[in-house]
Structure formats: C-alpha cells, structure tokens
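The form predicted on its own is given below as one chain in structure tokens.
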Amino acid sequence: MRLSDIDTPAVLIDTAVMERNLARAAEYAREHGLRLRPHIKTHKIPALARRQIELGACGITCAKTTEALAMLSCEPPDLLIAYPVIGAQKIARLIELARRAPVTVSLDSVDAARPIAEAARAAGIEIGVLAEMDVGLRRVGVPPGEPVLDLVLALLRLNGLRWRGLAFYPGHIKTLDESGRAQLGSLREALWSAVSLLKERGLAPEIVSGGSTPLLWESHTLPELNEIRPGTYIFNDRNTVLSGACAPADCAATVLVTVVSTAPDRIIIDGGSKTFSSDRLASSSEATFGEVVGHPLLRFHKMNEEHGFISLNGAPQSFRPGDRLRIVPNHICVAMNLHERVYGIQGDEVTAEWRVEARGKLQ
C-alpha cells in the first residue's frame, strides 16, 4: 500500500522518526538512572506502548481506567493511573485492573483514597498510591510541605493501599526561556522541600514521578525525581517544537489532507475541528492550528467541523482541488483521539496500520 492509496483526512506516523524519538528518550533515561513510564495519552495504541516497554520503559501511564483497560494487551509490567479515581464504576474498573496488572494511582485527598482502600480490602488486593503535589499548575494536588506530609500520613493509615511515593505534573512550564528557567528553579526547590520533609519523618518515597515532554531533557536537573512520564515525545508536534524540546525534523506525526476548494486568497481542506485539535499554540496568541509541511507562508487559521481554512498569505504556489498536503498539528494528542486508525509510513510506503484502541476512553 502506498501513501496515495490512503483516504483523507488521515494521521500519518513516520516510523523512522518515531523510533528515533523513542530510542533517544530511552537512552536518556538509562544514562541518568531514571525510570521511564511514558504516558499513552498521545498514541493510545497498545502496540506502541509495547514498543516503549521493549525499549526499557518500566511501565505505562494512563489517565482513565477505561483507557488503561484498553491498553492491557501491551502487558504492562506496571500501570499508573495519573488521575484521581472517583466514583463506584471507576473504582470497580480499578479493582479489575489491579487483578490483571500491578496498579498504582495518584491521589490528592483522603476522600478519594478511602473508597479505593475499602474496595481493595473487599477484593483482597493491595493498590499502590502516589501522593499528588501541585507544583504550580494549580490543577490537582496538594501544596508542597506540610500538606504533602499530612496526605502521606493519612494514606499510610488506610489498609488496602500501599504508599509508594509522590507524583506531580509541571504542565505550567511550557518553555525554558528566562521565565521558564525561574519556574524550573521553583520546581526544584518544591521537590527538595517535600522529599526532605518526608525523609525527616522516616518516609523516604520509593518513587518521585513527574515531568512532561517540554521538560523531558531537563529531568536530570531535578535531583529528587526518579521517574519520568513524557507522552508527546513519541510523535512531537508544533507545541513541542516551540517549547524547545525538539526540532521540526523530530515531528513524526502529520495529518494528510486533500484540497477540496480553492479561491484566489485561500484553499479549503477536508479536515476541520473533527480532524485536528482546536488547541492553539501554547506559547503564542497566534490563531493557527497547524503548520503546512513544505509551505511556510500558508496559514491554517480557521476551522469548521469538516472544513479547514488555509490562507495563501502571498505564497507563490497555486493549488487545485485534489492536491494533497501534510500538516503538523499544534497538539497531536487530541488529534489522535479523533481518529479510529493511523498509518505508519516509510517514505511513500505504508508499513503499518494501527487502530487507536484507547480513543474515546474518557471514563
């Protein structure tokens, strides 16, 4: 099968670039003595999770219990649910997961932990827990310092749970400019403070789990960190490039689209908000949704559900209906969740077709 045989819109994965991204991160983790536990939120494909494990990942990270169930076929040696598991149905799925694979969940409250502990005791199993810290994103987690100690002490009192350490997500640090470097320094201080306080009480954490793709290559500068959970690094996207964490040549994923209509100042493509993420660039107010490969002047600036609007912006090229373009999306994780299957390619050859097994697994 060749690239020209693929119907559009479609996500393409350059497998050589993907393999290079995976190998680079695996080697970095080995070199710095870090556990690599990739987040599958980006690819959502068991075969690719299996590849990450083959290259040395200690396990995988998921956000939701349904997502984790869809990924069990990759046979993860360790599974982290990096999201509060709240509600009877979700806890039942967590127990099912724990019967089939070693499971840990990150939590930021006793209210979330107590029913999980009760369900684990009733099932005769034990579930690992990480105490979630808020290190600046202000999303989930307790503040570093005494609140972390209080949460850990409370978790230790709950039979059915095994406290394993700390978790955090520094998603507020998008770039490593002067402001980002200052935030990284604050993160370093927060981790040192939290871990030192726990150690003073004889509670040295087995795991300090955190990180993100924008901070992936700075992980070794955080002495307390011993487990990293990047997700986007497998494919990368425009936001990863602009964060400084990769080069344009490291973007493995593009969206193949077809021009369906033309005008003197614009073209319309067959991919809109049901094909691409509506996320704008994280580090810019520019209203664009992706970069058209090989056409730097074109500006993908508007979407309806099925239509993408691309301004020619003075570009010298002319386009006709039926022409095909490839676009690097701003945010590949959300785009993957919109597609039932994606295609691995080498040059013009299609070498793999993967079903996105964990797409739509939101519960």
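Small disclaimer: the values here were computed from a predicted structure and weren't measured. The first residue of the shown sequence is 1; numbering continues from there.
Form predicted together with a small molecule: not shown, discussed below.
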property	result
Heavy atom of K41 within 4.5 Å of the small molecule in the predicted complex	yes
Heavy atom of Y169 within 4.5 Å of the small molecule in the predicted complex	yes
The small molecule contact at N239 in the predicted complex, heavy atom, 4.5 Å	no
Contact test in the predicted complex: T213 vs the small molecule, heavy atoms, 4.5 Å	yes
Answer option from P230, G290, G141, P76, heavy atom within 4.5 Å of the small molecule in the predicted complex	P230
L281, I95, A82, L198 - the one with a heavy atom within 4.5 Å of the small molecule in the predicted complex	A82
Interface segment, criterion being heavy atoms within 4.5 Å of the small molecule in the predicted complex, picked from 255-263, 155-163, 179-187, 231-239	231-239
